[in-house]
Structures are given as structure tokens and as C-alpha cells.
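Below you will find one chain, with nothing else, as C-alpha cells; this is the form predicted on its own, and questions on how it binds or moves follow later.
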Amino acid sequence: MFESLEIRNFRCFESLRIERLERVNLIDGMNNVGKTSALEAIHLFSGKFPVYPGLRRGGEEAHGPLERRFEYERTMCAALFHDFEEASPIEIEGRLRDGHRFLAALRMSSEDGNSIDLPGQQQSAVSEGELKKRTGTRSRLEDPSGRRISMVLELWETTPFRSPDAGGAFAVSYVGAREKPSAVLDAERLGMLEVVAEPYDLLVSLRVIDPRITRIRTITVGQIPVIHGDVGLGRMLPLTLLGEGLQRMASLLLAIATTAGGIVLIDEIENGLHHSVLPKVWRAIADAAKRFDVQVFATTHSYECIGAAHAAFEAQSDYDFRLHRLESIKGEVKAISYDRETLGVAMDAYMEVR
């Protein structure tokens, strides 16, 4: 698990360091302070290019002529860099508890031919020395006239390499705040759990949301596999028709259970969940994260969600939870971490921690 993370030159972060990380980490703060951006930065450890900002955040995908799509994607790529500073690479550096280090570096590069003008971009500050490049991938943007640029994502790591595969530093799953849950993906993940030697009983956790549910099955209708649930209505129905909370809970836990040894990112974790069930939701997340050795990073706007998480982890044998509040101080975003004691004092005194 990561002990600390540093994000450099990404969106609103010139340099942000988050320390004293635990197995489950909740990030809060005011609007537009960078909570979702922090998750998107960590996602680069998957070895995949970031989803363009407009898509994951509820915008529209670019359509129409290729030239228009090029301009749209060019703008979105430039917006990934802090203050549009494309001359410096984006860097996300993580340090594990044993001192092993990882770096994801994203840079914009012009290509031969009719390339567009780009500033001469610096190489990563750690390209030589302790960290060695493990892999690099390139995504090209090009329009009909031949204008082209590339986004280059490189993964660096302390030697000897510890990464599980060539695709990324870690297995990473992202559960968005505004993205419609994928019923097909959830069904696929449930199927993955059903074939492992030690199956995970998802049904027990779903009863936190609806105690009536007695069984779940993956049923294919019109060649589309969808998880169905039985809540005593005489026939099984898709989870999508049994309430947003039930579907949200299933998506969260299935993401954790099928990302063993990796990282799960959850934006606005309380979405679709009633405040009265949040303590039980957090207990289910704590159990799944520990069982599958997953490190969780989630964001919230909800004071009730923070209180529920604190109460849930206080009831556990291990308080492996940390709240990280992002604040803009003199124009620079800083992370303030709350451990068990300081968060408890703050909650008891009704201090502002969101």
C-alpha cells in the first residue's frame, strides 16, 4: 500500500503531497479544490491514459468532423497540465511503506511532419538515478491536415521491479460520481468472483441496502448479461430497477473484490446512499478492502459520510482509515490529514472537516 503520494503539475496541483495514507482514505474539501483531480492523478498508475475531463465529469464526447474532435481533444489534454504548463511533465510519485517508489509521468510531445507548435518539454526530474523506466505508451491525436501531437505516459519504478504486469504499476478501478454504472461490467465482475476458490458473499452486504433481497443471479436478456435480484416481488428484477442505492453498493463492492492487491478510486462515495445506512456501508467496504488487500481512495462532500466512516472504523479491530482534507492556502492546495484521535476530537466538537 502507498504510504505517501505526491502530485506535480496536474490540474490545480502545482505540487500536492498526501502523507500518512491508510488502507481506506477519504478525501474532502470545498468545491473546486481538487478532490476528483486527486483521484484522476492516482489513476495514471494503471498505465492508462486519463479519460478526457469532459467525459468522466458529465460532459459530452466530441463528435463531428475529425478536425473538430482534434481541437476538442487538444484543449482537454492541455487542461491536464497545471496552469497549462505543457513544458513540464505531469508526475505522480508514490512511496510504499517499505520504501519502494513508483512514478507515473505524462507529457505532451510533438511529432515529425506537420506537428503543432509545443514548448520544449523537460524530461522527468527523476528519469535518471534511483527510478528506472519500466514501460511507456503513446496516444496520438491527429487531424485530416496532418497536424498531430502525442500524449506519452511513462511508468518508472525502483529496481528490482515489483509491478504485476506490463500494463500498469497497479490494478486500478475507478467508480465515478456521474458515470452511469455499467450493468454489463458489474455482471462480468460478479462472474469473476464466482469462479475463484474463495467466493465473496456479495448478497450479505447488499442486504444493508435492502433487507428483502434473498438471492442474486446473472441473467442474460437480449444477449446482455445483467445482475438480477429477488426482493419478494414474484420474479427477479435487474438491480438497475431495484433502486440506485442497491446498484451503487454492488458496483462499489464488486470493484474492490475484483481489484485484488490494487487500488480502487471512488468519486463522491455517498451518491445514491441514504445517510442512515452509511455506517454499514463503510463496514462492508472495510471488510472487502482488507479481504482483497485493496487500498481505497474516495471523495465526499458529506459531513454525515465522514462521521459514519469514523464510527465504522472505530468499531473495527484496526483503525486503518484516514481523512485527508484539501484546502487552498494562499493559492496553493495543501492536504491536512486527520488520524483517529484528531478526527474524533473534531467530530465531537462539531468542527468543520469537510
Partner chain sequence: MLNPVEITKRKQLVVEGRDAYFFFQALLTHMGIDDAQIQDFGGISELGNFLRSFSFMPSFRREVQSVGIARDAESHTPSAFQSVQTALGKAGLPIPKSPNVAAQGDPRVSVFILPDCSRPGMLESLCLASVESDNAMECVEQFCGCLERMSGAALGNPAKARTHAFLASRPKPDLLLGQAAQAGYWPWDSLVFEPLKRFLRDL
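Positions refer to the first chain, counted from 1. The shown structure was predicted, so the numbers you read here are calculated from the model rather than taken from an experiment.
The protein also exists as the form predicted in complex with the partner chain; that form is not presented, and the subsequent description refers to it.
Enquirer: Answer for Ser15 alone: is it within 4.5 Å of the partner chain in the model of the complex, judged on heavy atom distances?
Expert: Heavy-atom contact with the partner chain at 4.5 Å: absent for Ser15.
Enquirer: Is it the case that Ile27, even though its partner is missing from this view, gets within 4.5 Å of the partner chain in the model of the complex, heavy atoms only?
Expert: Output for Ile27 is no: heavy atoms all beyond 4.5 Å of the partner chain.
Enquirer: With the cut-off set at 4.5 Å between non-hydrogen atoms, does Leu323 touch the partner chain in the model of the complex?
Expert: Residue-level check for Leu323: yes, a contact with the partner chain.
Enquirer: When the contact criterion is heavy atoms within 4.5 Å, does Tyr338 count as touching the partner chain in the model of the complex?
Expert: Tyr338: yes, in contact with the partner chain in the model of the complex.
Enquirer: Could you tell me which stretch in 323-331, 34-42, 308-316, 282-290 has residues with non-hydrogen atoms within 4.5 Å of the partner chain in the model of the complex?
Expert: Within 4.5 Å of the partner lies stretch 323-331.
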